[in-house]
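Consider the single chain below, provided in structure tokens and representing the form predicted alone.
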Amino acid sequence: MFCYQCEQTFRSDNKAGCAGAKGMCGKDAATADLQDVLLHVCEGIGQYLHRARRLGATDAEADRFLLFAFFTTLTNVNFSAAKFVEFIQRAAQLRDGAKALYEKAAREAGETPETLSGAAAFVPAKDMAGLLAQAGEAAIRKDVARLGEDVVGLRALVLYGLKGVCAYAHHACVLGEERDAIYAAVEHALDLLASEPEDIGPLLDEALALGRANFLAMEALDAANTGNFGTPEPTSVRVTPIKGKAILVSGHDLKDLHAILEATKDKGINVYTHGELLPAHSYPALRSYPHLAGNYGGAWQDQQKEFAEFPGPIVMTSNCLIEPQPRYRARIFTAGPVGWPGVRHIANEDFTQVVQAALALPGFAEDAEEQRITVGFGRAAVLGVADKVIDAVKSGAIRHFFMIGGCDGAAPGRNYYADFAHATPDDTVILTLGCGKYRFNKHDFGTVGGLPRLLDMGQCNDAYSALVVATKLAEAFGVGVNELPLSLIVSWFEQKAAAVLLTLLALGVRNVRLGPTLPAFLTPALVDVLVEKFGVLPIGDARADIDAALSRAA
């Protein structure tokens, strides 16, 4: 096993990466190795689909599987080794189909089909023992002794960025939004990785291409969410429980939440959101369910304590699952790409078992003291008051915008983001995105220019909204995004965040502060490239970083 795809990966003075019997996320060595094999077979699918697409032939089923398969390998998504054996066999079947599709298209075009090697010719074993014996062929660092850390690190950046693109695109796909351009980009990246590239230039180009593809994926997801559930609106959300039967829904998937709301309608069960599903309350079609009672708990890393105390069943709809504890293991369910050995998995959106569990469990015995926060300041809400925002900036009432966005985590140093938010001057606006905000989003920051000083734009899946706001404000002021009084303070944890960073770089956004630590797969030389070409900076002292941002803006 070797894995260094997320921020929490093991670090010591002379190495970084989880390489023992179990990773920092709880993923065991067998699961990690099987994930590598799955992605290797997926590269073979990409080799054939990339060539078939150039000849006008596509395979939607295989493309959708690629999104799903990659999503299962994100940090804190699927920990079931047995499931990965199934996924690998399915991937091999789809690769054979992609091969036939390509060869047929080539012959019809009067071409002699290429005989592909590498991942395209890899024959996965039929059982887990055989697959584990093959894992070395698929390992991310198999060429490090020959090529060095820089090339292997850039391959990793492309692979992990691709994982993020696939996760966003999968979220959009399940809600009916697909883009051929995204599938083409995924296939292209897989074909490149299968070629085992050794030059830094093409790998950097591919990383930026994935950033552009991720912008399309986020646009598709935004269209999927708003098309199905309406445009988010500023909404007051109760963050303390009320008496009664209860279900807790965590993860990011609005479709699963909607299905659970339908399944519990008129059954006397209150549904609570957890973690990144907090913004769901701002969508009109979801808010219309009166039993969507509120939000419970905080960010994902607190789930073991919070789930243990929740008096009902819990559904984990997508990342970020961590090992279920005995106190709630019998009442947690997984759905979609998520999985844990021995935990019941919901298929086909049939949440009957969850409803039965909610009715059997006690629920909350009494009302807690009422507390509320406001969410729902997506692109429509912010741009709806654009004139007010522009006037406030021009008058000097608003001096600067700080976008404090991204993931939370348990590692030391993440208090920086709360310290940063609390230290921002009163004439500045804080835009939040992702679960990092849980460290400070219940604090009252007051108002500025007639607006709340803290505007929550949604979950990490809503990064598109923030980019649209920045672009529109730049247009309104007649400047580029980098000339706006705007600073991006990004906390990363896993591969969606890596994809968003690539999008920012691809769009030419400079001076992003990234933390709490830089990715372990980026070598000092690669970090130097990011600093030189894009002005990426590590986080430092919160007050000093604020001063630097305001000084730059001035």
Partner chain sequence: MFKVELLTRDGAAIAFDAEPSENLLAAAERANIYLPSSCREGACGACRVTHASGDIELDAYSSAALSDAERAAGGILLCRAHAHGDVALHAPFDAASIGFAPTPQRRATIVDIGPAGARAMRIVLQYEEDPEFGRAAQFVAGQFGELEIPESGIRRSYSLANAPNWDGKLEFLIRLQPGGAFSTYLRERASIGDALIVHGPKGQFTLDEASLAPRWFVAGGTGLAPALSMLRHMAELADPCPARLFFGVNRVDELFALDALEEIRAALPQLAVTICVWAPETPPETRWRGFAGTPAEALAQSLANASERPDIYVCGPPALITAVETVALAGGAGATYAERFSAA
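Since we're looking at a predicted model, the values are computed, not measured. Positions refer to the first chain, counted from 1.
Same protein, other form: the form predicted together with its partner chain, not shown, and the subject of what follows.
At the 4.5 Å threshold, heavy atoms of Arg107 stay clear of its partner chain in the model of the complex, well away from it. Remark: Arg329 counts among the residues lining its partner chain in the model of the complex, judged by a heavy atom distance of 4.5 Å or less.
Its partner chain is not shown here, but in the model of the complex it comes within 4.5 Å of a heavy atom of Ala360. Although the partner is absent here, Gly413 lies well away from its partner chain in the model of the complex, with no heavy atom inside 4.5 Å. Here the chain stands alone, but in the model of the complex its contact with its partner chain, taken as any heavy atom within 4.5 Å, falls in 333-341 among 333-341, 370-378, 457-465, 476-484. Note on contacts: among Ser117, Asn228, Ser195, Gln353, the single residue with a heavy atom within 4.5 Å of its partner chain in the model of the complex is Gln353.
Taking a 4.5 Å heavy atom cutoff to its partner chain in the model of the complex, the contact residue among Leu101, Val389, Ala81, Val237 is Ala81.
Shown here without its partner, the chain carries Ala30, Met128 and Lys245, all of which come within 4.5 Å of its partner chain in the model of the complex through at least one heavy atom.
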